[in-house]
Ligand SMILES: NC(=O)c1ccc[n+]([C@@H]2O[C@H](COP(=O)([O-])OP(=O)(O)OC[C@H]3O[C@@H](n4cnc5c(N)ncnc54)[C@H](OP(=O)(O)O)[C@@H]3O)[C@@H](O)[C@H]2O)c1
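One chain follows as structure tokens, the form predicted alone.
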Amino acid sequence: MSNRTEAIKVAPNDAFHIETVLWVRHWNEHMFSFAITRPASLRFRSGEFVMIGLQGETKPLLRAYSIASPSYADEIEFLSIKVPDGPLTSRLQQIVPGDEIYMARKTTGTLVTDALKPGRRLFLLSTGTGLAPFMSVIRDPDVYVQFDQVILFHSVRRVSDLAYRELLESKLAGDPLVEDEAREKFHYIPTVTREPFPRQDRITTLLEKADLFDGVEGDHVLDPVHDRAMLCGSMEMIKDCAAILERLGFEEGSNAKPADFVIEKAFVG
């Protein structure tokens, strides 16, 4: 935590909104969440990302961050890693309520249901902070209208990296807009790869094993006829899972051409 006595202030910039930090939650030494005020003019689709940042030496220092709050939320929420030597995250992890942050005026992204064809089951496959856009998607009421089941996988190295675990295990209990639907349709499947945990398989392994569907009703096989998927996380996971899905007959979609699964190319490189 910072020992600053003055709040961070950023310089006026017509290309960005200047928003105020509302709260910060440090999950562990590797990961934290925070929320900022929402501009009245902002419109976005659940699952999109936006450029945010702080003032650099000569210009704003910006990075793309997925929005973790749903499209209707009054505040804009993010999930971030902590990189000690990172140009932005080394400073961003020090923020406290009252600090100011730049946020771009336009959001974009492909981790949206508009980029998928209609289906019955939606699989959300994430590692680490790749969970962020799916926290937006699973809290959007429209998702439960579009799909009969929403299955979220979150793979991390350490148990403490399972951000939002309590909320997810409760099936979003207390959420006034999706609590009832999530109780019936939402499934949370966490896996931890480097510490003891009930499930320790990597997502790529789970994709090829029957226990991928533990607690999930329906066929225990992925079928491009009615299954849809979104992938977000490490480049290795995304590339490996995309290859598996394509072998099973899934086609990658986009905003221009909806199909069976989507990835966020801005984070893959």
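These figures come from a predicted structure and were not determined experimentally. We number the residues from 1 along the sequence you see.
Omitted here: the form predicted together with the ligand. The next part is about that form.
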property	result
Partner contact for E208 in the model of the complex: the ligand, 4.5 angstroms, heavy atom	no
The ligand contact at V156 in the model of the complex, heavy atom, 4.5 Å	yes
Contact label in the model of the complex: D240 to the ligand, heavy atom within 4.5 Å	yes
4.5 angstroms heavy atom contact with the ligand in the model of the complex for V145	no
Contact assignment for the ligand in the model of the complex, among T204, T37, S33, Q55, heavy atom within 4.5 Å	T204
K106, R194, R199, R183 - the one with a heavy atom within 4.5 Å of the ligand in the model of the complex	R194
The ligand in the model of the complex: contacting segment from 135 to 143, 174 to 182, 96 to 104, 157 to 165, heavy atom within 4.5 Å	157 to 165
Residues of stretch 89 to 107 in contact with the ligand in the model of the complex (4.5 Å, non-hydrogen atom)	none
